[in-house]
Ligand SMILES: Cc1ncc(COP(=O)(O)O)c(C=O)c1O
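A single chain, nothing else alongside it, follows as structure tokens in the form predicted alone.
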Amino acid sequence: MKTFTQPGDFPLTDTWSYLNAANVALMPMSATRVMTDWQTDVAQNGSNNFNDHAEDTAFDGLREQGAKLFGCRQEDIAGGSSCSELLGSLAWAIMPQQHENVVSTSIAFPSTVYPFTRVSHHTGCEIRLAQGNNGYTSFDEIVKNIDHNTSIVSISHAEYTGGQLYDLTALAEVAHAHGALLIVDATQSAGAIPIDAPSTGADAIIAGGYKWLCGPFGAAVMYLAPHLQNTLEPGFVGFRSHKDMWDLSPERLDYPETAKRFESSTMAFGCIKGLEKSIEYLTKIGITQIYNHNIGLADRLIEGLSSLDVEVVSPLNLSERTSIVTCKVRGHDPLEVVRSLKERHVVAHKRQDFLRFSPHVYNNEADVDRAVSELRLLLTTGR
């Protein structure tokens, strides 16, 4: 299988089979250097280099790379410190009212729902969760919860437990037909699944940086559809919220007429620089190339697991698949399995009662074969 990375890009992979991007991905050293260089410069030189102009333009590179990632205009991109921060600001900007409802799934990562739950405590809007099982929720189950009172469908593009992938275009069509917005948490897909944001019809797509985007903690990227950029008033605001951030008057607040209005204040700018660099790293390879690579590794992993006493619970049909491969290990505590594999320099993760593998761009077939071999040894000998 073709390898896209270069020696030294991800040093851990020289000795470890790290199959855990759905938890925390490895970061290319080029992105790490950008972050540390920025922090070192500010620590040693203060504002000599990071001056007003540098602070004003700190997000420009992320907008450029985010536009490449999501197939949109730079004006459609905003940066933030986390997916939860950006989603929370959106939730308060939209603020569903008492007669309205918000639809998500019972298996969604909590931060996909919590911002709207907090709004519901203020407005009384209803939170509806389509019921799932074993990390899977059917499309029809989601749709039957959407009605003419639905304000928002807030969904994880890929579910974190089993990796189920939703058809965003189909969901957007249903949501819009009922007058609702589709808000997407793409933290488990962006960087590994091609996303042409405008074509999906989604109204907002947000991704944290530290999983499949191979970026740092403390940075996230958001696509906001053009029709919302002049209508939403962000829930979180700060001095950057004004269209001319250095016009420091508290007497007015005029927002930029782009997604930039959701960039509210100072933050760990080095993290933004690191995410910019990691997205650039991935887009130069090509997200479609990465997707094909990752699915090939997942195929090999599923084939290897089929010879063991495990049950793969991740979807097997291509339209719903990612490279997250989750399984039940019969008769074994998944946490103990994860610990034992780590002793063998194979990194997987426990989610609920499942064992989850998540190979990414820096992995190869040898990593997958090693994981299956070590798991077989553990299950057959207990050692």
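Counting begins at 1, following the sequence as shown. Note that the structure is a prediction, hence the values are computed from the model and not measured.
This next part talks about the form predicted in complex with this ligand, which is not shown.
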Taking this ligand in the predicted bound form as the reference, which of Asn294, Ser278, Ser89, Thr187 has a non-hydrogen atom within 4.5 Å? Thr187
Checked Gln229, Gln74, Asn101, Ser111 for heavy atoms within 4.5 Å of this ligand in the predicted bound form; positive is Ser111
Can you tell me which of 259-267, 187-195, 136-144, 168-176 lies within 4.5 Å of this ligand in the predicted bound form, counting heavy atoms only? 187-195
Lys273: touches this ligand in the predicted bound form, heavy atom cutoff 4.5 angstroms: no
Can you check whether Tyr210 is within 4.5 Å of this ligand in the predicted bound form, heavy atom basis? yes
Close approach of Ser120 to this ligand in the predicted bound form, 4.5 Å, heavy atom: no
Counting only non-hydrogen atoms and a 4.5 angstroms cut-off, does Tyr223 reach this ligand in the predicted bound form? no
At 4.5 angstroms, heavy atoms only, are Thr322, Phe354 and Ser358 all close to this ligand in the predicted bound form? no
Contact check, 75-105 vs this ligand in the predicted bound form, heavy atom within 4.5 Å, ordered by sequence, gives Ser82, Cys83, Ser84
